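A single chain comes next, written as structure tokens; it is the form predicted alone.
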């Protein structure tokens, strides 16, 4: 009886938490069908008249090139997610699998990178990217995001748990160190996808670096374009902003659906370690 009551209590708490977290999402989706007066009225939850005109306005590029901004966000986030995962896995493989002089220093450097907030390096990063000629270029945003201190620490922990006998057997068979690294990738597949998904989401919502480096509407990412639309004028239909945010969730949902099985597996393995 006590277990049943505990199960019911946990279920009720989870249901309440789900409603609390999902309410802003439902409000945003419903807001994409409302007029400004309905959006700013706290008493109106359901739209009085369902219409898709705000989605049509959004896709007509009346305020900004939406599909272009969406493509830019996908390009930047996907490039950073894949690139940062591979580079962090390589660095984590070296730090976690080998014992060499300076290993602790490299690990400490990774911790330092995590502790430094992006605001502190924004100006030097702007000067550096501008000197390279990548200002107002998507590659200028992608390049800094390929380095992840958290990823180095994460994969150093993952690779430190791999049996060293596997690496020794590969070396006895004449495999090069890079070949050994490639052979270990299937063993850490769930961790690769989990970290790639997390970095994809962080890159998608990034504001500081894209806002500094991307100037024209053709190169802006979706969060920057939506923020510019919100700050331009309250006289524009706020439902267009809601519609843009709702459609912008679709790539995140698709990536999450793809990565969920590996996320669950990686969490279970990491906790078990």
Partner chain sequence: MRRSLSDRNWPSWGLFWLLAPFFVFLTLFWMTPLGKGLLLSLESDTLFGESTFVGWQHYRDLLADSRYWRAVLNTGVFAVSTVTITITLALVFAHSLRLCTRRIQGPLVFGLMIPGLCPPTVLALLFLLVFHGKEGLLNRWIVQPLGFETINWLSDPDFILSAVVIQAVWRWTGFLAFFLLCALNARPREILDAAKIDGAGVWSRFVNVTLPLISPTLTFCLIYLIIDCFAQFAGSYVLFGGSGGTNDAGLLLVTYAYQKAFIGGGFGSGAAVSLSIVPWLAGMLILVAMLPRQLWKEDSAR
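Just so it is clear, the model here is predicted, and its values are computed rather than measured. Here, rigid core means the biggest group of C-alpha atoms that superpose within 1.5 Å across both forms. Residue numbers count along the first chain shown, from 1.
Unshown form predicted together with its partner chain; subsequent notes refer to it.
- Of the listed positions (137, 184, 75, 160), a single one reaches within 4.5 angstroms of its partner chain by any non-hydrogen atom in the model of the complex, namely 160.
- By the 4.5 Å heavy atom rule, the three marked residues 28, 93 and 223 all count as contacting its partner chain in the model of the complex.
- Its partner chain is not shown here, and in the model of the complex it never comes within 4.5 Å of any heavy atom of residue 59.
- Residue contact check for residue 245: one or more of its heavy atoms lie within 4.5 Å of its partner chain in the model of the complex.
- In the model of the complex, its partner chain stays beyond 4.5 Å of every heavy atom belonging to residue 104.
- Among heavy atoms of residue 201, some come within 4.5 Å of its partner chain in the model of the complex.
- Residues 113, 114, 115, 116, 117, 119, 120, 121, 123, 124, 125, 126, 127, 128, 129, 132, 143, 144, 146, 147, 148 of 113-149 are found to place at least one heavy atom within 4.5 Å of its partner chain in the model of the complex.
- When two forms of a protein are overlaid on their rigid core, residues whose CA moves 2 Å or more are considered shifted, and residue 117 is one of them between this form and the one not shown.
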